[in-house]
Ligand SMILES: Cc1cc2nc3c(=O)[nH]c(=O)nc-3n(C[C@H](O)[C@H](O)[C@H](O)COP(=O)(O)OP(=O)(O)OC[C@H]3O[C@@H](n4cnc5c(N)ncnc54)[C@H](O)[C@@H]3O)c2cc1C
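There is one chain below, alone, in structure tokens, taken in the form predicted on its own.
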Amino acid sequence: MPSHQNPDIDIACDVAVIGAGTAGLAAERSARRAGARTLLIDDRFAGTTCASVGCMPSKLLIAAAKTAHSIGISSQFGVHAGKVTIDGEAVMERVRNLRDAFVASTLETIDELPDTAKLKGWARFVSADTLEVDGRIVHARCVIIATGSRPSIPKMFDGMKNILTNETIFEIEKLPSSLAVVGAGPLGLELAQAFSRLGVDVTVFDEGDTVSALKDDDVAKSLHTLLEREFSIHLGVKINASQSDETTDIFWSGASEGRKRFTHVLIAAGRPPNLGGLSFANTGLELDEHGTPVFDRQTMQCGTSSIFIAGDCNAELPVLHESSAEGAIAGNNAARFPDVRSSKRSTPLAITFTDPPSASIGIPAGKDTIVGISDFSDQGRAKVEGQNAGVFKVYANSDGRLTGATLAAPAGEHFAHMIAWAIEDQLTAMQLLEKPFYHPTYEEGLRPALKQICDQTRLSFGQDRDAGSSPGV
């Protein structure tokens, strides 16, 4: 509806996208390419979560930590580097400088949009097809919600000093003396290990009984044991906190109990959907028990409405490649509405960039799942590199077709992709095992798990490729 025909409408478009993060940018681009008139709405246009406060700054910190750690353990190779000195201010300055460059690249994409295709402000629904953005009325044939997620800070920390989240921790000018990390999920563990390797006294707390959101107990216990060589992790505990001057006392009880004083606290206890203030009551949408719109993950459509949802705000798969895919699906369907089409979703893939990395791929092991296990404690290339630790479990169905994996092992991020691609191609353990494996590589460490699946499913190899594949070779 052209705005000049209705004085109550300031802006009219085909597709309005609320949120200019990874999902929102993908949604706007997809809708525009499908021929829709788009409007991208954001309260800040500050860059994506990944570039500004997530994937990239955390990996920059991890890179610095990995360098410090490699120098610290170099004596096992007969290389004696002397005492390692860490310039915390220089570490954090590099993190921010390169982070800002990544953000600038994202902002260039937004800047390329014409002014008529973007609107800065807070949006809320007036109806299913009408938004109010800081007093301006926007009418859209379809709306895509892509508002991302936000840090969740327990009330006990209200008003306390030196309480950090992933949105503030990269702004500190120097490294903390000590750091309590609340949350043993992927984000908490990545940053905990990084700061520990940079000389910070780190302790992790979590009410749950696993690390890195791993659903396989054996793999989770292996990772837990390996990480505790570097910093303390208390699982199955409840905490309380009190502050004195510039420090915070953490009290914990449950599976273990104690008290310790910290200069800083990092809250990494999850990032709930950022859906507050959208006024869903005006849309008629069905909401789940957490207040998130019910949607179809194959179409990203909320019920049968003209509203779609994509990215972290739907609380399903909060990782970048999924957010991007969801945005593209939502944008295409919003542009073509009501001709909404289902899209194939990729194999679930989640990686935590600890050392060793951990990952969950595909479908977790079930009652009838066949499991193959590789133990990296005696794997040849891992021993050469001083990285011989960790466990890799591969899952398959009764005909040997791969369905998933859980791992905490060296080169884990690369193994995770290999398994995900094999699942996408519907390969059996035998078919993957018959691929070429160069010697000596980490990839050879996958062979024992695949062979166990073949043995259990009575699959056999077309040729003998055992040479050089024994664990210690």
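Residue numbers run from 1 along the displayed sequence. Note that this is a predicted model, so its numbers are computed, not measured.
Although it is not shown, the form predicted in complex with the ligand is what the next lines describe.
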>> If the cut-off is 4.5 angstroms on heavy atoms, which of these, Gly254, Gly121, Gly72, Pro348, is the one near the ligand in the predicted complex?
In response: Gly121
> Since exactly one of Gly380, Gly400, Pro318, Pro357 fits, which has a heavy atom within 4.5 Å of the ligand in the predicted complex?
Replying inline: Pro318
> Within a 4.5 Å heavy atom cut-off, is Thr283 in contact with the ligand in the predicted complex?
Replying inline: no
>> Does any part of Leu187 reach within 4.5 Å of the ligand in the predicted complex? Heavy atoms only, please.
In response: yes
> For Ser30, is any heavy atom within 4.5 Å of the ligand in the predicted complex, or not?
Replying inline: no
> Given that the partner is absent here, does Ser58 sit within 4.5 Å of the ligand in the predicted complex, heavy atoms only?
Replying inline: yes
> Where, among 295 to 303, 85 to 93, 135 to 143, 271 to 279, do residues come within 4.5 Å of the ligand in the predicted complex by heavy atom distance?
Replying inline: 271 to 279
> For 413 to 448: residues with a non-hydrogen atom within 4.5 angstroms of the ligand in the predicted complex?
Replying inline: none
